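Two forms, one chain: they're shown below as structure tokens, one block per form, named structure 1 and structure 2.
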Structure 1
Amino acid sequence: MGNKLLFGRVFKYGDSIDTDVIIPARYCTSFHAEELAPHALEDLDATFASRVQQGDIVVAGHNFGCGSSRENAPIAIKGAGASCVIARSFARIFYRNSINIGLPILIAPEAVDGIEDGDEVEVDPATGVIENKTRGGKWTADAFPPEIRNIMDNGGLVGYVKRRLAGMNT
């Protein structure tokens, strides 16, 4: 995350997108992004994995990531190329799993209202600022506290712990 701005085209979905739709159970035999990515959101949007480009952004309604406690779900989204997810709200386990694997997630109901499918959006995950470059509009989501940003900056919890064990403080 750091000071890196995220920029991408939006894939917008509705409320209660559950982990079974994000990555169907039939593919949850792996935790490898390259194996999960081709099936990301397959049962909701069969074209997502073939259309998403590196850096694109998923925008959704309430309760994104509800359902099974599946770390594979944020891995699939990140592996497919999405740089972050913006939603009205997240299921708590998906929220934490996203932090653990280094996928930025922002709660921003007003931004969800002002962003449409296909818009180009810029996100500053360090400050929470979201700007719609297509339609105009700027919103601020709650920024992550420094300790969570540090986990995200290290690519997730595993990278963070490895750096800590190696005696590095970032």
Structure 2
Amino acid sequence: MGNKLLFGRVFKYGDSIDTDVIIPARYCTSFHAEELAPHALEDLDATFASRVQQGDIVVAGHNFGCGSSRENAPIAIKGAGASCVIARSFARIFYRNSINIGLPILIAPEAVDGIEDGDEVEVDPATGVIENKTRGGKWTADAFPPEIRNIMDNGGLVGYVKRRLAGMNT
């Protein structure tokens, strides 16, 4: 996940944002971030892809990413420029896919309560500390187990397995 601080404007959405609205099947013939990015969250918020700036942050309620196993979903969000997703909870396949493709995700219900759409937020992915720079408030996201942390530190599963196969990280 890297130790660089993440900073951006928040796009806030509700509960159970499903993979079909994150990236509709009509675009899923492509796996390429640059082709998926213009359609990220299109069926939920048609203005997202045109408004999102590099580093911006998606904040949502429970069960973010429920539905399909399509990895195109976190690829689209990351490709659009979002630096991370903060949610009350994530659906399990989306959670795994995000870790595996290197999209930082943070589980922080209190932070979701204290952040509004359009706020500017800073996130330290190394410590999980989330700070609302617009209206104040500081929270710490749930820590990841070391095994998962290890995948994130390698930039995702491809890097992790590459290192493992090379015998550097077993």
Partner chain sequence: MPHTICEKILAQKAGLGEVFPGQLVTAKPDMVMSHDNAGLVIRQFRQIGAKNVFDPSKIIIPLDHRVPAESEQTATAHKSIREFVKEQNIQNFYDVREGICHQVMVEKGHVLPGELVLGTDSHTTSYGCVGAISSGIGATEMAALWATGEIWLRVPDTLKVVVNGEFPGGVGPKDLILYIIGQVSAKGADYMAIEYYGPTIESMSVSGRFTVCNMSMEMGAKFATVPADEKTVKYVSSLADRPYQPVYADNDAVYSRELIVDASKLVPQIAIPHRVDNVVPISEVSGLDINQVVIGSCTNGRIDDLEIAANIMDGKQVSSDIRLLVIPGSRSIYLEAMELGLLKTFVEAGALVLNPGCGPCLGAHQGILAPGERCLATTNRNFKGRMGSTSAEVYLSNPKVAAMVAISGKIPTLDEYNSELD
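Here, residue number means position along structure 1's sequence, counting from 1. Between two forms, the rigid core is defined as the largest C-alpha subset superposing within 1.5 Å. Note that the coordinates shown come from a computational prediction; the quantities given were computed from them, not determined experimentally.
- Here, the chain labelled structure 1 is taken from the form predicted on its own.
- Fitting the two forms on the rigid core leaves the C-alpha of Asn150 displaced by at least 2 angstroms between structure 1 and structure 2.
- Once the rigid core is used as the reference frame, the Cα position of Val161 differs between structure 1 and structure 2 by 2 Å or more.
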